[in-house]
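We begin with a single chain expressed as structure tokens, specifically the form predicted alone.
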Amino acid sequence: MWEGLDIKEIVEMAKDPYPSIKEWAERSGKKVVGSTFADAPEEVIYAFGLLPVTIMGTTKPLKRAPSHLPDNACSLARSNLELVLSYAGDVFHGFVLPQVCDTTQHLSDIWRINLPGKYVESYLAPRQVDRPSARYWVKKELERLIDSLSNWTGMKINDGELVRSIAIHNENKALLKELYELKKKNPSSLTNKELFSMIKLSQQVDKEEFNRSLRRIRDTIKPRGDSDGFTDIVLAGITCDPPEIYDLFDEIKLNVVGDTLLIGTRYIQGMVPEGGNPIDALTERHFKRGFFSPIHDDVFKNFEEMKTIYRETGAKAIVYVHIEFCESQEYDLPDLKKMIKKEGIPMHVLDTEYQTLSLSHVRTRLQAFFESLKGV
């Protein structure tokens, strides 16, 4: 189902992958396990013959979530809950829910109460990864999740199945990295929307199938026009939604040459060391990914990463996507803006939420920012 897709089909499917996920599950007889951001070990879920699907919100209207979460709760959290309660609940057989902030910690109970009969398990990775106990904690949490999935599925997995799953997921990330590098060097070969649609869909479909599509795209991709006139930028934040924001970037001829997104470079960084004990390798992976504000070892890491990417890529500016009412971003942003300004780096903060109906105001401000940048 996902092995023969071209770029246009990937972009279309990434808008709403759930009908194809449901069809795949019915055809294969396998179960679908959803997880919210961030860092649920999808390799473990996949090793059980399950399909791990990262839940990334919906742009459809909120109907039921407001009765469970206040209007000033994180836009992503409300959107994820709405997706499962109103639009795609029948797609999922179970959920593994990472608890990475206060909102997601409270949400896990809301999901359990409102999704009776479905498997719901929390994943409690440490948020302060510089503590001496952090590695022990991650390993034990991985083992606990494996036991929980074993009890639910009635299956046991061995190291060989984990190793195979890790190899498939690593190939997926390696292919995405190659495509990203191709786009950086020649922005006319892929649009921003095409690249990030591939990264997004990779987190929601069967990777063994999807890797075949990515291999073919990598091998046949060619420039489609003149790559001059593009402005290189760094995209920062957690996610970039609604996806029409990428259309604005493409319209203004912005070329994303680096990012800190969970649906971006931070996902690609999640390759697991191959060889040796797979549980130990999965444990180590947790400490090698880039910054995500609820999971950190250095409060200045976000600033340092953004500055480093900006300098190394030669980008002209940073665009920071701020999800409305995201508490971790609310904490980070004031200090981050101050430090970035002190470095003399141009940064535009793009405020958005998942139910944004019109992007006209976003377009106007984005165009004004880059026009002023050209003037400088």
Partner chain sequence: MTEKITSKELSKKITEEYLDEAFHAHEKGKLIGYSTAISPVEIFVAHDIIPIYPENHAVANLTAKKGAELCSVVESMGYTSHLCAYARSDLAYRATGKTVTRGIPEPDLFLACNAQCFTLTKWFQVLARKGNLPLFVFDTPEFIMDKRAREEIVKYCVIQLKELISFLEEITKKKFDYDRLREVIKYSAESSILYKKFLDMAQYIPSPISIFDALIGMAIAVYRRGTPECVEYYRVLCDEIQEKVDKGIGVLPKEKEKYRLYWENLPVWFKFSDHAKLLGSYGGVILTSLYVHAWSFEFDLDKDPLVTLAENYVSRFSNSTIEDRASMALELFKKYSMNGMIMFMNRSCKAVSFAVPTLKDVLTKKTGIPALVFESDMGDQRFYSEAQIRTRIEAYFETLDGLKK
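Numbering follows the first chain given and starts at 1. Predicted model, so just to flag it, every value in this text is computed and none were measured.
The same protein has a further form, the form predicted together with its partner chain, not shown here; the description that follows concerns it.
Using a 4.5 Å heavy atom cutoff, 131, 137 and 334 all lie near its partner chain in the predicted bound form. In the predicted bound form, its partner chain lies farther than 4.5 Å from every heavy atom of residue 48.
Put simply, residue 69 is close to its partner chain in the predicted bound form: some heavy atom of it is within 4.5 Å. None of the heavy atoms of residue 150 is located within 4.5 Å of its partner chain in the predicted bound form.
Among heavy atoms of residue 345, none comes within 4.5 Å of its partner chain in the predicted bound form.
Partner proximity in the predicted bound form, defined as non-hydrogen atoms within 4.5 angstroms of its partner chain, places exactly one of 172-180, 117-125, 256-264, 204-212 at the interface: 117-125. Of the listed positions (221, 110, 248, 157), a single one reaches within 4.5 angstroms of its partner chain by any non-hydrogen atom in the predicted bound form, namely 110. The partner is absent here, but in the predicted bound form a heavy atom of 103, alone among 103, 283, 239, 197, sits within 4.5 Å of its partner chain.
Applying a 4.5 Å heavy atom cutoff to its partner chain in the predicted bound form picks out 325, 327, 328, 330, 331, 332 from 301-333, in order along the sequence.
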